[in-house]
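Quick heads-up: it's one chain on its own, the form predicted on its own, in C-alpha coordinates.
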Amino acid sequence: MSGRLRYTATERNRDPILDVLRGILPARGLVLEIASGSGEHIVHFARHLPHLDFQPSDPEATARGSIAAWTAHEGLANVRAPIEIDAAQIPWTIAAADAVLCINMIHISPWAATQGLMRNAVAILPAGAPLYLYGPYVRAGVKTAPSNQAFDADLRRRNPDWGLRDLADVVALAASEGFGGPVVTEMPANNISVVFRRI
(Lines give C-alpha, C1' and ligand atoms only; values in the text may rest on other atoms or scores of the structure.)
Protein backbone atom coordinates (compact mmCIF):
# COMPACT_ATOMS: atom_id res chain seq x y z
CA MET A 1 0.00 0.00 0.00
CA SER A 2 1.35 3.41 -0.90
CA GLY A 3 2.24 5.83 1.85
CA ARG A 4 3.94 3.29 4.10
CA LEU A 5 7.36 4.55 5.23
CA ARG A 6 10.04 2.01 6.12
CA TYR A 7 13.03 2.41 8.43
CA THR A 8 15.59 -0.39 8.64
CA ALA A 9 16.41 0.41 12.28
CA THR A 10 12.85 -0.49 13.25
CA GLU A 11 13.25 -4.07 12.06
CA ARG A 12 16.38 -4.39 14.22
CA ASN A 13 15.01 -2.94 17.45
CA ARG A 14 11.29 -3.70 17.47
CA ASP A 15 11.58 -7.18 19.02
CA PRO A 16 14.03 -6.18 21.79
CA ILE A 17 11.73 -3.26 22.61
CA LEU A 18 8.70 -5.57 22.58
CA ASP A 19 10.46 -7.84 25.08
CA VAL A 20 10.78 -4.92 27.50
CA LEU A 21 7.23 -3.74 26.90
CA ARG A 22 5.82 -7.18 27.73
CA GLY A 23 7.17 -6.74 31.25
CA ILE A 24 5.94 -3.19 31.91
CA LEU A 25 2.66 -2.59 30.08
CA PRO A 26 -0.66 -3.15 31.86
CA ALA A 27 -2.90 -6.12 31.16
CA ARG A 28 -5.55 -3.83 29.68
CA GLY A 29 -5.79 -0.19 28.68
CA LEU A 30 -4.69 2.47 26.25
CA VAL A 31 -1.05 2.88 25.20
CA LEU A 32 -0.17 6.28 23.73
CA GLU A 33 2.88 6.54 21.49
CA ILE A 34 4.44 9.97 21.05
CA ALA A 35 6.36 10.61 17.81
CA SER A 36 5.19 7.38 16.16
CA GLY A 37 7.04 8.18 12.94
CA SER A 38 6.42 5.59 10.24
CA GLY A 39 4.06 3.58 12.45
CA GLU A 40 6.11 0.39 12.10
CA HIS A 41 6.73 0.11 15.83
CA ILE A 42 3.16 0.57 16.96
CA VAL A 43 1.66 -1.93 14.51
CA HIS A 44 4.27 -4.50 15.56
CA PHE A 45 3.46 -4.01 19.24
CA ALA A 46 -0.29 -4.04 18.58
CA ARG A 47 -0.03 -7.29 16.62
CA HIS A 48 1.76 -9.01 19.51
CA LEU A 49 -0.19 -7.36 22.35
CA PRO A 50 -3.82 -7.70 21.18
CA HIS A 51 -5.18 -7.17 24.70
CA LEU A 52 -4.12 -3.50 24.57
CA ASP A 53 -5.40 -0.54 22.58
CA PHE A 54 -2.81 1.70 20.92
CA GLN A 55 -3.01 5.39 20.11
CA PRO A 56 -0.32 6.56 17.66
CA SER A 57 0.54 10.22 17.26
CA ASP A 58 2.92 12.42 15.31
CA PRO A 59 3.19 16.13 14.51
CA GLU A 60 3.95 15.42 10.82
CA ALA A 61 1.16 14.74 8.33
CA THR A 62 3.36 12.43 6.25
CA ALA A 63 4.05 10.29 9.29
CA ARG A 64 0.39 10.12 10.22
CA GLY A 65 -0.39 8.99 6.67
CA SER A 66 2.20 6.23 6.98
CA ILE A 67 0.80 5.12 10.34
CA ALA A 68 -2.71 4.90 8.88
CA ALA A 69 -1.41 2.97 5.87
CA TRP A 70 0.47 0.47 8.06
CA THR A 71 -2.56 -0.01 10.31
CA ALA A 72 -4.79 -0.69 7.29
CA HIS A 73 -2.19 -3.00 5.75
CA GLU A 74 -1.96 -5.07 8.94
CA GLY A 75 -5.73 -5.05 9.49
CA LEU A 76 -5.35 -4.18 13.17
CA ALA A 77 -8.49 -3.29 15.11
CA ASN A 78 -6.57 -2.28 18.26
CA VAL A 79 -4.72 0.67 16.68
CA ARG A 80 -6.64 3.93 16.68
CA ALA A 81 -6.41 6.54 13.95
CA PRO A 82 -3.24 8.62 14.38
CA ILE A 83 -3.63 12.01 16.01
CA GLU A 84 -1.54 15.15 15.75
CA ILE A 85 0.52 15.79 18.88
CA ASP A 86 3.55 18.01 19.25
CA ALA A 87 5.35 16.72 22.35
CA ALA A 88 6.31 20.26 23.39
CA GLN A 89 2.71 21.51 23.26
CA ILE A 90 0.95 21.82 26.62
CA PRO A 91 -1.59 20.35 27.09
CA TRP A 92 -1.87 17.46 24.67
CA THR A 93 -5.11 16.69 22.87
CA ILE A 94 -5.61 13.42 24.77
CA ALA A 95 -6.89 13.39 28.33
CA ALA A 96 -5.78 9.98 29.62
CA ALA A 97 -3.65 6.93 28.85
CA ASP A 98 -2.45 3.88 30.76
CA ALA A 99 1.09 3.98 29.36
CA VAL A 100 3.16 6.33 27.19
CA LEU A 101 5.86 5.23 24.74
CA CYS A 102 8.44 7.48 23.11
CA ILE A 103 11.02 5.86 20.85
CA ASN A 104 13.95 7.71 19.30
CA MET A 105 12.55 11.20 19.78
CA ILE A 106 14.47 12.85 22.59
CA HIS A 107 17.74 13.19 20.66
CA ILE A 108 16.04 14.32 17.43
CA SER A 109 14.05 17.20 18.91
CA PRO A 110 14.64 20.34 20.97
CA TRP A 111 14.87 19.96 24.76
CA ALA A 112 11.45 21.62 24.96
CA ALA A 113 9.96 18.44 23.46
CA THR A 114 11.36 16.37 26.35
CA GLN A 115 10.06 18.91 28.84
CA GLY A 116 6.62 18.72 27.24
CA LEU A 117 6.77 14.93 27.15
CA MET A 118 7.38 14.71 30.89
CA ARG A 119 4.85 17.37 31.89
CA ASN A 120 2.07 16.00 29.69
CA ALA A 121 2.74 12.33 30.45
CA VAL A 122 2.50 12.88 34.19
CA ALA A 123 -0.78 14.73 33.64
CA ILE A 124 -2.48 11.90 31.72
CA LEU A 125 -1.06 8.78 33.42
CA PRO A 126 -2.48 7.19 36.58
CA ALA A 127 -0.21 6.51 39.54
CA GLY A 128 2.21 3.66 38.86
CA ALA A 129 1.78 3.81 35.07
CA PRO A 130 4.89 3.62 32.87
CA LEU A 131 6.58 6.13 30.61
CA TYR A 132 8.87 4.19 28.27
CA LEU A 133 11.80 5.82 26.46
CA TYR A 134 14.20 4.26 23.98
CA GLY A 135 17.28 5.63 22.29
CA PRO A 136 20.95 6.55 22.71
CA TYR A 137 22.07 8.57 25.73
CA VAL A 138 25.22 9.92 27.33
CA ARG A 139 25.71 8.32 30.75
CA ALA A 140 28.17 9.05 33.54
CA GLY A 141 30.64 6.23 33.95
CA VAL A 142 29.68 4.62 30.63
CA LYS A 143 31.94 5.22 27.65
CA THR A 144 29.96 6.67 24.74
CA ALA A 145 30.37 4.39 21.72
CA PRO A 146 32.22 5.96 18.76
CA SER A 147 29.15 5.40 16.59
CA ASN A 148 27.03 7.37 19.06
CA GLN A 149 29.65 10.14 19.21
CA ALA A 150 29.52 10.43 15.43
CA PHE A 151 25.72 10.32 15.49
CA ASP A 152 25.63 13.10 18.08
CA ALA A 153 27.96 15.29 16.00
CA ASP A 154 25.83 14.70 12.90
CA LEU A 155 22.63 15.59 14.75
CA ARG A 156 24.12 18.83 16.06
CA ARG A 157 25.31 19.76 12.58
CA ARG A 158 21.78 19.27 11.27
CA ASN A 159 20.17 21.19 14.13
CA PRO A 160 22.01 22.72 17.11
CA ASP A 161 18.97 22.03 19.31
CA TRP A 162 19.29 18.27 18.69
CA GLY A 163 21.79 15.79 20.08
CA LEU A 164 22.23 12.92 22.53
CA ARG A 165 20.96 13.88 25.98
CA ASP A 166 22.69 13.20 29.25
CA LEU A 167 20.55 10.58 30.99
CA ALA A 168 21.08 12.38 34.32
CA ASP A 169 19.36 15.47 32.90
CA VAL A 170 16.40 13.40 31.70
CA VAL A 171 16.14 11.65 35.08
CA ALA A 172 16.24 14.97 36.94
CA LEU A 173 13.53 16.41 34.70
CA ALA A 174 11.35 13.32 35.17
CA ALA A 175 11.73 13.54 38.95
CA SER A 176 10.82 17.23 38.95
CA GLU A 177 7.59 16.47 37.07
CA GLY A 178 6.46 13.60 39.28
CA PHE A 179 8.08 10.37 38.08
CA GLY A 180 10.05 7.88 40.13
CA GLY A 181 13.59 6.76 39.40
CA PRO A 182 14.38 4.99 36.14
CA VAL A 183 14.78 1.31 35.33
CA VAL A 184 17.42 1.06 32.59
CA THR A 185 17.81 -1.91 30.24
CA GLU A 186 20.74 -2.26 27.87
CA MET A 187 19.61 -2.65 24.28
CA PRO A 188 21.28 -3.49 20.95
CA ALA A 189 23.33 -0.96 18.96
CA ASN A 190 24.35 1.10 22.03
CA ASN A 191 20.81 2.13 22.91
CA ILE A 192 18.94 1.79 26.18
CA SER A 193 15.37 1.41 27.38
CA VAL A 194 14.42 3.75 30.23
CA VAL A 195 11.22 3.21 32.20
CA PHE A 196 9.81 5.78 34.58
CA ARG A 197 6.65 5.29 36.62
CA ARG A 198 4.30 8.05 37.68
CA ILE A 199 4.36 8.60 41.41
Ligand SMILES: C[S@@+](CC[C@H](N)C(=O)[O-])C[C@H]1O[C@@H](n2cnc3c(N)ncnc32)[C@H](O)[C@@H]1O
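All residue numbers are counted from 1 along the displayed sequence. None of these values were measured; they are calculated from a predicted model.
Another form exists, predicted in complex with the ligand; not displayed. Remarks below refer to it.
Undergrad: Look up in the predicted bound form whether residue 10 has a non-hydrogen atom within 4.5 angstroms of the ligand, and give yes or no.
TA: Answer yes; at least one heavy atom of residue 10 falls within 4.5 Å of the ligand in the predicted bound form.
Undergrad: Find out whether any non-hydrogen atom of residue 104 is located within 4.5 angstroms of the ligand in the predicted bound form, and reply yes or no.
TA: Contact with the ligand, yes.
Undergrad: Although the partner isn't part of this model, could you tell me whether residue 86 comes within 4.5 Å of the ligand in the predicted bound form, counting any heavy atom of the residue?
TA: Close contact exists here: in the predicted bound form, residue 86 approaches the ligand to within 4.5 Å, heavy atoms only.
Undergrad: Residue 59 versus the ligand, in the predicted bound form: is there a non-hydrogen atom within 4.5 Å?
TA: Although the ligand is absent here, residue 59 would touch it in the predicted bound form, with heavy atoms inside 4.5 Å.
Undergrad: Looking at 47-55, 170-178, 140-148, 27-35, which one sits within 4.5 Å of the ligand in the predicted bound form if you count heavy atoms only?
TA: Only one stretch passes the 4.5 Å heavy-atom test: 27-35.
Undergrad: State yes only if every one of 41, 109 and 113 has a non-hydrogen atom within 4.5 Å of the ligand in the predicted bound form; otherwise state no.
TA: Each of the three qualifies.
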